[in-house]
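The chain below stands alone and is given in C-alpha cells; this is the form predicted on its own.
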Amino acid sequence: MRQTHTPPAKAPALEVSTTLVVRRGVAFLERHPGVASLLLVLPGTIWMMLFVGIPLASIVLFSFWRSGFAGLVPDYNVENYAALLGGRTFWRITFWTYEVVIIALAGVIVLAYPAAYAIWRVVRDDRWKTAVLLLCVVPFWTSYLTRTITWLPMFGREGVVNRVLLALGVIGEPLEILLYTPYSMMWGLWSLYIVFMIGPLYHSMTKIDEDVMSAAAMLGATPLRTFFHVVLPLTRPGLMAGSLFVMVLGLGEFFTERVIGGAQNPMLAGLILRQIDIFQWASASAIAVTLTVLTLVTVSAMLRLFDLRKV
C-alpha cells in the first residue's frame, strides 16, 4: 500500500517560540522596572483619561461658553464666573453647603464611634462581627436612589412611623418634622453616610494591640477614659479616612436635599441641577468647576492634617 507522508507538527516549535518571547519580555522588564511600572498604571490611566479627564475638560471648556436658546454657544468669556462669584447667593449657598457637610460629619462621627467600638469589643465571635459588618453594608447593595426614596413611605405624613405613633397614642397628629425639613435631610445624610465611617474606624480599632487596652485597665483607667486617651488617638487614621469619604460625598450631595429635605435650601450640587432645569448649561458648568475646586481645596487641607498612608 502507498503510504502518505505526514508533515511534522509545528505546535511544539510555536510553543518554544512563544515561551522564548515571554522569557525575553520578562527579562527586559526585570532590567527596566520603570517600564514595568508604566505598563501597570497605563490601563487605569487611559481609562481615567477617557471617562474622567475628557468629561472634566469639557465642563471646564463649557463654563467659558454662553447658554443660548438651542444650547451652548462657543462665545468665550468669563461672565459666568463673574456673575457667580460676584453674587451673594452663591456664597450663601456655599456656606450653607459646608455647614450641612460639617454637621453631617459630626453626627456621623458621634454615631459611628460607638457602633464600631461595640463591634470591636462587645461582639466576641469573629463570625458575628462579620455578620454585623455585613448588615451595615447590605443596604448599600441597593441603589442610592432607592434607599433615599424609601424615606417617603416611612417618614411621610401618612407614613409608617406616623401611623404607628398615632396608633400607640404617642402623638395626637402626624409629625411634620420627619420629612421635607432640614432636620429630616440631616437624619437622611447620617443614615446614608454612617457606613463610610464605621468601616475605617473598625479597621483602625482592630490594629490596636490588646496589651495596650489591658495596660490601661490595670492602671485603673475607666472604659470611658480608656476610650478618650487610648482608642480615640489610635483610631485617627480611620477617622481621617472616613471623614474624607463623608466630606467628598457631602459636597456633591443633591438628591437627599431634594427628596428628603424638600428642596427648600439647595446646596451647591443642587444649584447645578436647578441651572440645568432652566437650560443654563454654561452657568451650571461654571458652578460645577467651582465646586470641584472647592472639593480639591478641602481635601488638600484635610490631607495636610494627616498622612493618609498611615491608614
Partner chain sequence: MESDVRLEGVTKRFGKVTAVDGLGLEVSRGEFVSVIGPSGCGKTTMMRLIAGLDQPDAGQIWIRGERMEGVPPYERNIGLVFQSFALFPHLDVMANVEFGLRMRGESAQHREEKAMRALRAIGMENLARRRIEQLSGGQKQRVALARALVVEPSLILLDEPLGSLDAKLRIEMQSELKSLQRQMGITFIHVSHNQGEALVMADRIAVMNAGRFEQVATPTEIYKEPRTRFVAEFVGRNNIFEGEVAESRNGIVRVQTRHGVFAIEARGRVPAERQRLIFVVRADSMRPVDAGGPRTENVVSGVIKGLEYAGSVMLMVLDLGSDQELKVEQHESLSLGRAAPRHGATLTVTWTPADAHLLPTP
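Every value quoted in this text rests on a predicted model; they were computed, and no experiment measured them. Positions refer to the first chain, counted from 1.
Omitted here: the form predicted in complex with the partner chain. The next part is about that form.
In short, of 73 to 81, 232 to 240, 168 to 176, 106 to 114 it is 232 to 240 that has heavy atoms within 4.5 Å of the partner chain in the model of the complex. In the model of the complex, the partner chain stays beyond 4.5 Å of every heavy atom belonging to residue 152. Remark: residue 212 counts among the residues lining the partner chain in the model of the complex, judged by a heavy atom distance of 4.5 Å or less. Residue contact with the partner chain in the model of the complex: residue 131 places no heavy atom within 4.5 Å of it.
Residue 225 belongs to the set of residues with a heavy atom inside 4.5 Å of the partner chain in the model of the complex. Scanning 217, 137, 164, 118 against the partner chain in the model of the complex with a 4.5 Å heavy atom cut-off leaves one residue, 217. For the residues 221, 123, 160, 85, the 4.5 Å heavy atom test against the partner chain in the model of the complex is passed only by 221.
Within 4.5 angstroms of the partner chain in the model of the complex, the stretch 54 to 86 places no non-hydrogen atom at all.
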